[in-house]
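Here are two versions of the same chain, shown separately as structure tokens and labelled structure 1 and structure 2.
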Structure 1
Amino acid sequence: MTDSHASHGRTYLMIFVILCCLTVVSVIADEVKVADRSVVLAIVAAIAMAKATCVVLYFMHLKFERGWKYLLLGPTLLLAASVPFALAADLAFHYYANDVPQQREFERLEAASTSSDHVAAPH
């Protein structure tokens, strides 16, 4: 094995260890729940983006590519940015009903169990 191949092996191993450590931090942040849910979500999302960046740059070899990768990335980013705008009308006008029969049944059973604490709810 030449020196260049050995150095790549060390780099890949280092990136793998970093990815494993970031995964552990992400799981700990999700399980410990020391902060508000939105803060934990932001931390986990930031860690996921860092992991994706490591994978794209090193394992997909984009770190070593020339500038044409940005030309290919442009249409992809444009499409990804347009998807939320395309779906905004459905979300804004509540096109889909939020009526969930299981939720109504759960609320009915919950109300029945709180009104008579000594009687068990039917299964």
Structure 2
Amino acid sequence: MTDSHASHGRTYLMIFVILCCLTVVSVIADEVKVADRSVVLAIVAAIAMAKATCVVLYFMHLKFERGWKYLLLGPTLLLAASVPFALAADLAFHYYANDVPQQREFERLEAASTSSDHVAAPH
């Protein structure tokens, strides 16, 4: 430990400011009422990825580490993706509509909301 070590304080501060700005953009994306929520989804997902990348590269120093990071993290990320990947086909991306009580209740509420809109709408 020597005091000849070059400080990275300025870089860290810059990364922190960038992270804060990105968080503000996320909140603004939520507060601005965009009709298509998939636009908000795309924005906040991209921001989360960018923030995580900043933290991992600079705060966790992976930018400055050697090739071992690929050896260690590559298989980990591959295995990590396996659980949601395995579940997705059965739970989220099937061709049929779920036949569960919650789904029926949701459809009933939607139908009630649509009919009340028709009643309220001026003729």
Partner chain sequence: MTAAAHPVRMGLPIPNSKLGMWLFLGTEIMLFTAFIGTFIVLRLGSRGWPTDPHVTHINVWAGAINTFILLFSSYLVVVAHDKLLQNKPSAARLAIIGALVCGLAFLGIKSVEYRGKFDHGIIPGRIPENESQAMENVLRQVDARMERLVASLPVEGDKRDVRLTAVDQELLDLKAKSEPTPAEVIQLKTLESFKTTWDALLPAYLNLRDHARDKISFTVPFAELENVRASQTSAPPLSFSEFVDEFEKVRQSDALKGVLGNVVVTQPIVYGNLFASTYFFVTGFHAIHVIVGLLLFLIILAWGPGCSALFVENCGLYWHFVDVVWIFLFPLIYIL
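Just so we're clear, the structure is a prediction, and the values are computed from it rather than from any experiment. Just so we're on the same page, residue numbers count up from 1 along structure 1's sequence. In this text, the rigid core denotes the largest set of C-alpha atoms whose superposition between the two forms falls within 1.5 Å.
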item: Of structures 1 and 2, the one that is the form predicted alone; value: 1
item: Threshold 2 Å Cα movement between the two structures for Ala88, core superposed; value: yes
item: Leu109 C-alpha moves between the two structures by 2 Å or more, core aligned; value: yes
